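Two versions of one and the same chain are coming, encoded as structure tokens; call them structure 1 and structure 2.
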Structure 1
Amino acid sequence: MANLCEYNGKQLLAKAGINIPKGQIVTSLDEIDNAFRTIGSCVLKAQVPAGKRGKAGGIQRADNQGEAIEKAKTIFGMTIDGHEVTQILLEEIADIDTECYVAITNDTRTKGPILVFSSMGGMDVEEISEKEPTQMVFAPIPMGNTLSNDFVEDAIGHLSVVSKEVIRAIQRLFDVYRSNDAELVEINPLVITGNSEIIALDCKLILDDSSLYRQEHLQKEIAPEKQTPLEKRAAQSGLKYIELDGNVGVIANGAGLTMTTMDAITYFGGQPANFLEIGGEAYTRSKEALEILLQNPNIKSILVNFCGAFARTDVMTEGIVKAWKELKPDIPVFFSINGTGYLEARAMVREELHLEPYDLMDEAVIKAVEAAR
């Protein structure tokens, strides 16, 4: 997933015609004075792609310049959900009469977009919605380029906060969702002021990372991912690696096969320690993949699952075998190898590591799960 911070997401909302508060990004204490003179009494908001910023102390109000500087001192360098704060948004204080929640996201059931709307938004929207479920609407959106007035009115017309302005804001939010290949666009809260003006007070926007080639103008705006040291090293090596909480290490080729392998580990009572795939152009990097995996102290066994097509299993296996003989790890390893080059690959494992590869993936998974226990 590709996350945008609040400020960048709000720029897309404003471009679509949704009102946002006046605000300014600062990256140092030296910039606070000038920003405060422009905005006045404001809210300082940590710009990290994480929720619960308010509860973490990352959102604070300041009524004068001195107070703004002192508040910024506490926010800069703060870590929220693993993200260090290097940018703060100073934003004017809104005249809040009513807070709503609105989001458009992907619906796994219908395989299309869904509108989520609540007449009660704010910091604890999840808890509020549980207490007042009648105020929360989930409406699958029919495929198309726009949201009709009839659809929105049918979905949320029974709620007291609905107005032409609210409906228009939802329609424009859908435009943001479609035009930017978003997986989620969320405004919480969507504020109705005392003058019935609609303002997006916050924005969460997640892009579909598989479509980023169509969104070149947004690539520089994507917030850095929260990564462990091993995940950073893997990324630098061109490998897709995600650390998990389990103890069965996984190396496979292709995202689909890797996910299937992880599911099989779980099915047979184990816990995968990672996602690590060396498919595509990375199929020659199996040595680097093994070196990264072996640095995870939680791993008690390793499962290597290769199924070759474009990626030759003998090339991938050769890297694993060479690395294994060089590093000499004291950990059990289990192989399942099929597809292009599998006869040569299996022979290599037998001759060099004196291990017998398994014909079926399930057999290798079961053994790896048992060894990890």
Structure 2
Amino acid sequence: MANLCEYNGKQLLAKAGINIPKGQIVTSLDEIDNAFRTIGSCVLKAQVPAGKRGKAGGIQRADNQGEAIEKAKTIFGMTIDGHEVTQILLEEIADIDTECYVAITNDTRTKGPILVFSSMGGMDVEEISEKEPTQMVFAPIPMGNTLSNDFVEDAIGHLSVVSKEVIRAIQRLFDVYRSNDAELVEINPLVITGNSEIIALDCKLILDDSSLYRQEHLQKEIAPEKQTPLEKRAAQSGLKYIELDGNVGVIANGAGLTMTTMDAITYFGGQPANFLEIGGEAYTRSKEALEILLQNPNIKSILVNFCGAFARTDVMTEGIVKAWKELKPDIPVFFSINGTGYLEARAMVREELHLEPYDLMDEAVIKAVEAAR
């Protein structure tokens, strides 16, 4: 998932004309002195793509240079939700009068964007919706290139905190959402200062993976995902691989069938060792898939479950069979093959590996679970 860190997200807000606090990014303690001199009293904010940074101790205030260095020492090297802190944002302290919550995101129900607004910001959005559900406004936005003043006015104009400036900021936020192909842009809190200025004090921005090809300028700003080395390697081969705690290795095609295979392993008393999907356009990469799977030392048996629609089972099976003969792993393997190309695929398993593929998924699953015990 393509997440941006707060700092990078805020740069996009600023570019669209939304005010952000004065801030400077530091990557080492040596840079703190200089940054503090520029900013003055400040908040130090760990730059990781995770929520609840404050609760984890990743956001702290400093009123003098010494304090800033001390606080930075504790924040650098912190791991928050699996992300190591390597960057800290020093940011000026805002004069907060009111805190609002605003987000624009994709709404599966209305099949378009939706505006989410609350005049109670600052805390977790879950908390807001629990404590003050009537304070949350959900307004499905008609899909277009811009968001009209009238639309925002109609949606939230009845709230006392909403001014022309707030409406303008939300229109600009929609520009950020559209021009960067975001799945979510969230400002929490959107601050109204004592001087009635609007400032985005935080920013959460998630980009749509399918749009990255046309958002090249953002690619280097995407925060690295939490991944194990094997998961990283799989991603480089265009495979979606997630390591789990179990010992039955899974190779299946399509996310739906892969999850179903894992469910069946669990149902029959086993534990899946991984999620590994080679369907769709990745169906020709079953050799890489097997190689990655075999690197997991916990695997006691392997279940290959193919149900070909677009993905031809003969092509996928050929990759597995070839890789199997090359790598000669000393692990029991069980095949269930159906759908497009299944006759050729089954024949290949019989002739090349001298194994009999199972007709039903359940049978193959039961055998693989037994073998892993």
Partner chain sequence: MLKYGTSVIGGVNPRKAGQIHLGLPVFASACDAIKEVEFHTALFFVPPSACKQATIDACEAGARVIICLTEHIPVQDVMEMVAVARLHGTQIIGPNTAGMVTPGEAFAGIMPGFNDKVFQEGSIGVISRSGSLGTLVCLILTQSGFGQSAFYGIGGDPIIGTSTREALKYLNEDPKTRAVVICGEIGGSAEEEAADYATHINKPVVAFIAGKSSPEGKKMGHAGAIVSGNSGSYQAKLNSLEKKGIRVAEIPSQIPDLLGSYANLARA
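For clarity, a rigid core is taken as the largest C-alpha set superposing within 1.5 Å between two forms. Fair warning: this is a prediction, and the values are worked out from it, not measured in the lab. FYI, numbering is relative to structure 1, first residue = 1.
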Exercise for review: Choose between structure 1 and structure 2: indicate the form predicted alone.
Suggested key: 1
Review point. Comparing between structure 1 and structure 2 on the rigid core: C-alpha of Glu216 shifted by 2 Å or more?
Key: no
Practice item. Could you check whether the CA atom of Leu290 moves 2 Å or more between structure 1 and structure 2, using the rigid core for the fit? Key: yes
Point to revise | Rigid core fit then Glu92 CA moved by 2 Å or more between structure 1 and structure 2 | key: no
Revision key, fill the gap. Cα of Phe335, core superposed, displaced between structure 1 and structure 2 by (Å) 3.1
